[in-house]
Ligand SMILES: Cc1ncc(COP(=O)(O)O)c(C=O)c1O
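There is one chain below, alone, in structure tokens, taken in the form predicted alone.
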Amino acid sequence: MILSSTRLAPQFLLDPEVTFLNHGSFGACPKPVFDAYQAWQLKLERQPVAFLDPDRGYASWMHDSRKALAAVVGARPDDIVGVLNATVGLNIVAQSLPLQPGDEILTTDHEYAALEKTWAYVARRTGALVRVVEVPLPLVSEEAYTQALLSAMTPRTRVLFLSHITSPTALLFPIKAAVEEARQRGIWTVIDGAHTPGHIPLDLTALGADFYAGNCHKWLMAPKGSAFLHVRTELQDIINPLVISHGWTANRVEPGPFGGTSFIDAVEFQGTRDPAAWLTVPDAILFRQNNDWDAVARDCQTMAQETAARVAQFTGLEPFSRAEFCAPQMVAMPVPCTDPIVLKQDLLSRYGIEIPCFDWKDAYTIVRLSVQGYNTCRQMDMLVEALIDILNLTKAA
């Protein structure tokens, strides 16, 4: 159980009147990290011209954040670029790929809705087709997952788009074998890692995905507006920024105008913006190190799984996967079908619990629990009791 929550909870800025069990949506930034964030913002406002001049510190500060993050996610700093969020990073990729009419984008039925819309937009613009694979549930083996994808690949498949950790179902997909097979077939692999940095160990070089985007504001606990896009070196020349500005050059193989690669400068130097969230990523990494966050995360995982097991006991509903395929600190708990909007509102208004609830294929309502270092065993008890009460279920002995 989480013994450190008493020490850690005061280090966060969360409303003490709310039981916050939704870290997975937008994260929560610790006070020391937020203080560093505001210090960067103050530095910017004190002398904006000096701050935003690439030759007076800005370019090197951006590089420092890339270098710190690269060490955590197993990548070369020059293969990472800072973006506002994972959706932006994935849009950059999706709208850069030279797809043709009839090309196929292969994905699953567990993807984030914003990215489903992104690929639908790309398909409408290019004439490509989106093909959705139904992942067999419960997810109990890597082989079953990989085979479902491989059997859907055709000679027309040009893109394999997968979540590493899914948003609606909180599943940790075993993507490595599918990524390797796609590479062998000449299929671009695009991975949504919105929930992975700071949540699971990452080695992007070993994974070998062509394109990978992740958020730093969720489980890494950096401020909102900090995320990254990782692109394999040999593919960076096909990436076009969503906004063309000072960092873009016509010759994509030469160094960029601000001392980075053309890929980095084109994406990062796009006119006036506040980069403070991205520059604070090293502080978030340091906070985790100073608080032995690996141990905290293990406690959180135990609490999440134990709570999910208690809910399953009184609902009688099977979990979506074996424990090894569940996101460590986040679990989607199926409950009997009910109006998810009403359930979410009741949990908040009657019990002060902030937690997402939504439909899953008209078969279940999902209550998605996130457990972070500021959460307590008592909060888990409150959630279980609230669900039993609202859903009018009988508590198992």
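We number the residues from 1 along the sequence you see. Given the structure is predicted, the values throughout are model-derived calculations rather than measurements.
If you look for the form predicted in complex with this ligand, you will not find it shown, but the lines that follow are about it.
Scanning 258, 112, 248, 314 against this ligand in the predicted bound form with a 4.5 Å heavy atom cut-off leaves one residue, 112. Listed residues 157, 167, 262, 189 were compared with this ligand in the predicted bound form; 167 is the one with a heavy atom within 4.5 Å.
Partner proximity in the predicted bound form, defined as non-hydrogen atoms within 4.5 angstroms of this ligand, places exactly one of 116-124, 136-144, 97-105, 209-217 at the interface: 209-217. This ligand in the predicted bound form comes within 4.5 Å of a heavy atom belonging to residue 194.
At the 4.5 Å threshold, heavy atoms of residue 86 reach this ligand in the predicted bound form.
This ligand in the predicted bound form is approached by residue 25, whose closest heavy atom lies within 4.5 angstroms of it. The shortest heavy atom separation between residue 163 and this ligand in the predicted bound form is within 4.5 Å.
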